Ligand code: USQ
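Quick setup: one chain, the form predicted alone, written in structure tokens, and binding and motion questions come after.
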């Protein structure tokens, strides 16, 4: 039985990962300080529906399944809290038994401020993003080094680290020939937000730990995620176990946002010409990728990097797909091409190698009409909760 520690276990990906791995017979502990919930409250950008806190959800999970997900509430910028998760001194805020679960075989690192727009609001949000994300990663690296060097770190990176170079994007590494000599380097990164820049720095920190201390790391360069329902979770119909779902421009991902906008008749906000191309992934495939990475760990002194997405689309293509489905379901949906508030290339070359996870056994869920219709049906249940004034605020950089 794998002993898995999930940092950031209350988030959009963290909570489904906890349930998914619990169903896979893993011993799961989640840690969170409710950062995303608190930032939403501070910015008045409430999610589509309210969700119980972690202790309430894990209590319900245990009642419905008989499975235990242990909970620690705390800020992982606190190095002593981080170290307690690996040295046996941790105090659980919820657990069937308070006995230490043991050294984690793997730790899934989601514990960061996850929004590019938030990181660019002003110098205060930028300062918080940089300090929160890098200190947390540094604390994790040192705790593993000092107490559990065989623990496999699975870090969630982002495809946004690469930017949009005018050459093919490889899976994390690039072989260079220069003046008759060859070597392999991390693929060049060129982020377009300070959030994405912190993810580059995470990679650099962990690559340092791999080279200097023989740590075991897998870095997952993930594209934007969409979706809500988790297929492999038997109790998915209980709305109290749903994950957080944002539809604002700060924390909402583009497909999720477009579906909400279509349902309430808010024109789909396409930035500029809409030619920005990215790799997208269904939330069910994110969970597959995490599990496959855990089951195929890096060796000591190895950094594996996978590009984690299944399909590429332009933003305009996504808007057209959502508009088409909205029309079939009786919604009058329009697309609005607005002045791009971001500094980014709207038309660019984009060809990305993403074979690694497919070779490990990833079975993709594609953005079919059926998948879009299911998302519409779920969001429709909460239509009365949607607040038009939080959908778009035009954060610029």
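Note that the structure is a prediction, hence the values are computed from the model and not measured. Residue numbers count along the first chain shown, from 1.
One more form of this protein should be noted, the form predicted in complex with the named molecule, which is absent from this view; the next part is about it.
K.L.:
I need the one stretch from 256-264, 84-92, 130-138, 171-179 whose residues put non-hydrogen atoms within 4.5 angstroms of the named molecule in the predicted bound form.
P.N.:
Correct option: 256-264.
K.L.:
Please check if residue 224 has a heavy atom lying within 4.5 Å of any heavy atom of the named molecule in the predicted bound form.
P.N.:
Result yes; residue 224 sits at the interface with the named molecule in the predicted bound form.
K.L.:
Report yes if any heavy atom of residue 158 sits within 4.5 Å of a heavy atom of the named molecule in the predicted bound form; otherwise report no.
P.N.:
Within the cut-off, so yes.
K.L.:
Is there a heavy atom of residue 342 no more than 4.5 Å from a heavy atom of the named molecule in the predicted bound form?
P.N.:
Output for residue 342 is yes: heavy atoms within 4.5 Å of the named molecule.
K.L.:
Against the named molecule in the predicted bound form, would residue 100 count as a contact residue? Criterion: heavy atoms within 4.5 Å.
P.N.:
Output for residue 100 is no: heavy atoms all beyond 4.5 Å of the named molecule.
K.L.:
Which of these residues, 228, 205, 186, 116, gets a heavy atom within 4.5 Å of the named molecule in the predicted bound form?
P.N.:
If I apply the 4.5 Å criterion carefully, the residue I get is 116.
K.L.:
Of the residues 304, 278, 145, 323, which one places a heavy atom within 4.5 Å of the named molecule in the predicted bound form?
P.N.:
Flagged contact: 278.
K.L.:
Please state whether all three residues 196, 252 and 269 have a non-hydrogen atom within 4.5 angstroms of the named molecule in the predicted bound form.
P.N.:
Per the other structure, all of 196, 252 and 269 touch the named molecule.
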